[in-house]
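One chain comes next, on its own, written out as structure tokens in the form predicted on its own.
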Amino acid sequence: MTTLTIKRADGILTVQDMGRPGHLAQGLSRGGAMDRRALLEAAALLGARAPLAAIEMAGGGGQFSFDAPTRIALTGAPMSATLDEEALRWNATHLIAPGQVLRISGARAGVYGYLTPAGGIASEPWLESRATHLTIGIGTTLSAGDALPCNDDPAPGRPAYGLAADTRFEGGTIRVIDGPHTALFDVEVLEAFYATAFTRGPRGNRQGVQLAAEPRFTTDHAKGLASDLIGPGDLQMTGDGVPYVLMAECQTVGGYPRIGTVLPADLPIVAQAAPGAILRPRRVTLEEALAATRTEEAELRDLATRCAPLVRDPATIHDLLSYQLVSGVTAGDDLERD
């Protein structure tokens, strides 16, 4: 067993995996990573068959060390990272030796960065998941001095891999499918909603993200609306017509009208939108939504095909002279001696 030590925590750090699906009837939302694609990227880079439990870093990182050689993957919102003052590439894997200090600073874009050990964090699972669920008090935020058990790296000698940077960290278009309450909104309200470029508002957390704009999107047909099942991606309107996209730790039932639901494939765009980023909803049909739907297993396989061995820049290798750069050199008299 390998130990990951938190030497300093600068952002909101929690242990996250893919969450706890299947417990809505007991009032427990899925939870898990806000940017699920980041955990799939980490698994692909590390050569894992399934996503691993990782540290989710909201806003900023910290300082970390391991007591055994361990590969890590750095994915999600790009952050500046160094290992003993040597700059590290984001969206890539790196080998951390005992005694080395990994430093991760604030996000350069986006909100949530992820530090994934190659063996995965091995804290005690609850309902088959290690995910911290802050809303209902499962687990807690990490702080300096915390030590996390990790499974040993199954292949510490595996070469480093990198993955081309994604573009989901600056806002963008989010596809929305009609929901059970769409028909409660007048046609003019729907047209105005889909013609609006929203700003990611200042209010947002693991439960939901505010979409800010001057117009309000209300309906007179939602009075007495009964509470029913809700989930991540639902676009819920408050009483004054302000939309919120429900996220990983949203409640399981609600009585506010929902104008539609963001496709799961586009939820990482919402999760990674920092306050002020522009989000543009685009209405899609059921057929378009189904065509855009892929299983996370299929997405992991696709990401694995796009990972490539990491080529290091010699200018950044502080111990370059310790490497054997040329092999097979002889005195040149081989044929004479033969």
Partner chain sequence: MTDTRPLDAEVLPVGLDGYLVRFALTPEPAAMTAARRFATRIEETAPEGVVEIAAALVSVLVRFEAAADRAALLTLLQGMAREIASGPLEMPDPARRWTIPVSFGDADGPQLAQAARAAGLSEAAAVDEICAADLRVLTIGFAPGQPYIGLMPEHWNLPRMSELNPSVPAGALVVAVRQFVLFGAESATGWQQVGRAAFRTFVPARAEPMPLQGGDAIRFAKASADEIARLGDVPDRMGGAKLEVLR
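Computed from a predicted model, the values in this text were never measured in an experiment. Positions refer to the first chain, counted from 1.
Just so it is clear, the following notes concern the form predicted together with its partner chain, a form of the same protein that is not shown.
Checking Ala165, Ala87, Ala212, Val253 for any heavy atom within 4.5 Å of its partner chain in the model of the complex turns up a single hit: Val253. Of the residues His181, His94, Arg175, Arg200, just one reaches its partner chain in the model of the complex with a heavy atom at 4.5 Å or closer; this is His181. The candidate spot formed by Leu127, Leu290 and Thr295 lies fully in contact with its partner chain in the model of the complex, as each residue has a heavy atom within 4.5 Å of it. At a distance threshold of 4.5 angstroms between non-hydrogen atoms, Gly27 is in contact with its partner chain in the model of the complex. Although the partner is absent here, Ala226 sits close enough that one of its heavy atoms falls within 4.5 Å of its partner chain in the model of the complex.
Of the heavy atoms in Ala144, none are within 4.5 Å of its partner chain in the model of the complex.
Its partner chain is not shown here, but in the model of the complex it comes within 4.5 Å of a heavy atom of Pro264. Annotated contact segment (heavy atom within 4.5 Å of its partner chain in the model of the complex): 228 to 236, selected among 228 to 236, 212 to 220, 108 to 116, 147 to 155.
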